[in-house]
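The chain below stands alone, shown as structure tokens; this is the form predicted on its own.
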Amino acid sequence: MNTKKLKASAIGKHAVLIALCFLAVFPLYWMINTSFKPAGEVFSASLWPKTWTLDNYRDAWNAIPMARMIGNSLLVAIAQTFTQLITSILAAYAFTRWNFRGSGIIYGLIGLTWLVPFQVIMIPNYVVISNMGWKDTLTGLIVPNIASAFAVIQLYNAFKAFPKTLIEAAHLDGASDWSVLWRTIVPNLKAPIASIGILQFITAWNDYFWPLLVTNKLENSTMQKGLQMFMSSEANLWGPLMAATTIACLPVLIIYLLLQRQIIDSFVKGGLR
């Protein structure tokens, strides 16, 4: 009886996992499926295109400067991820290693900023960016996002759990704080740092509201804003939109396929708290 119960429990768990996987994967399949359908079949419920066509991809590529916008998205996402990791590592090390007056208050304020949606501070940031002459530039997209409260909080927990004996041993060997940080702590915390970097890259890649507010020209904007060009109050170009969305997903998908093992290991070993 126990064996039968265990088998029934395992079957139930696998059924739930299969259902969840289906819910996650089916929208992606439908997007790709629709991107290959001609205009007359876009609204059909068929799970497979009756007539395959690349017209949607050609129309999407010609409608917007897609290559330029994908390059902008990559540049913005990489720059934001790199600067956020650097500032977060430095901040987390300072909070965990140095006991200075007001450190708890400052850390609490950083935590509070994480609770404030970015949409709340979009207008003040827009005013500052406009006054500095960075409107409609990639600099204006990157600079307001060079620091991340989420990354600081997560790395603070990882740095706090790092063995102090290793740090003290490095100091006894004559290592400076800078050397201890980059030669002792960071190499041993690659997993949590990589996990946060992946999350921050995806967040920056998918950002839509800030590029929509800051940039006017499509040549200076990101891919997410370009997708909006296929939607209007009169009609939505579903075929080209699905094709453009599929192309927009490719960079992240390629990165995942190339670094699949490292990404999974970073999340498993990193244990984001």
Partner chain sequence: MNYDTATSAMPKPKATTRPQAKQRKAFSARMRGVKPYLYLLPVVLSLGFWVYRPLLQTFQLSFYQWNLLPTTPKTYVGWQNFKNLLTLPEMGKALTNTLIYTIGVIPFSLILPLFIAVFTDSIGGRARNVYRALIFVPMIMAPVAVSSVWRWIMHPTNGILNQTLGWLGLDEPIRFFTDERWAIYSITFITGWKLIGFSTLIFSAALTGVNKEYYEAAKIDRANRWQIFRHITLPLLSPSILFMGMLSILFASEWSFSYVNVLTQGGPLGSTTNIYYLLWQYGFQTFAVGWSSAAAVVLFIGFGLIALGFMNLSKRLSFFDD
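Note that this is a predicted model, so its numbers are computed, not measured. What we label the rigid core is the largest C-alpha set whose atoms superpose within 1.5 Å from one form to the other. Numbering follows the first chain given and starts at 1.
The following text describes the form predicted in complex with its partner chain, which does not appear among the structures shown.
- Between the options P187, G174, P163, P117, the residue in contact with its partner chain in the model of the complex by a heavy atom within 4.5 angstroms is P117.
- Using a 4.5 angstroms limit between non-hydrogen atoms, I121 touches its partner chain in the model of the complex.
- Although the partner is absent here, A45 lies within 4.5 Å of its partner chain in the model of the complex, judged by heavy atoms.
- In the model of the complex, G104 approaches its partner chain with a heavy atom inside 4.5 Å.
- Contact check for P144: a non-hydrogen atom falls within 4.5 Å of its partner chain in the model of the complex.
- Scanning 193 to 227 for heavy atoms within 4.5 Å of its partner chain in the model of the complex gives I202, N206, Y208, F209, L212, L213, Q224, L227 in sequence order.
- After superposition on the rigid core, displacement of the C-alpha of F118 between the shown form and the other one amounts to 2 Å or more.
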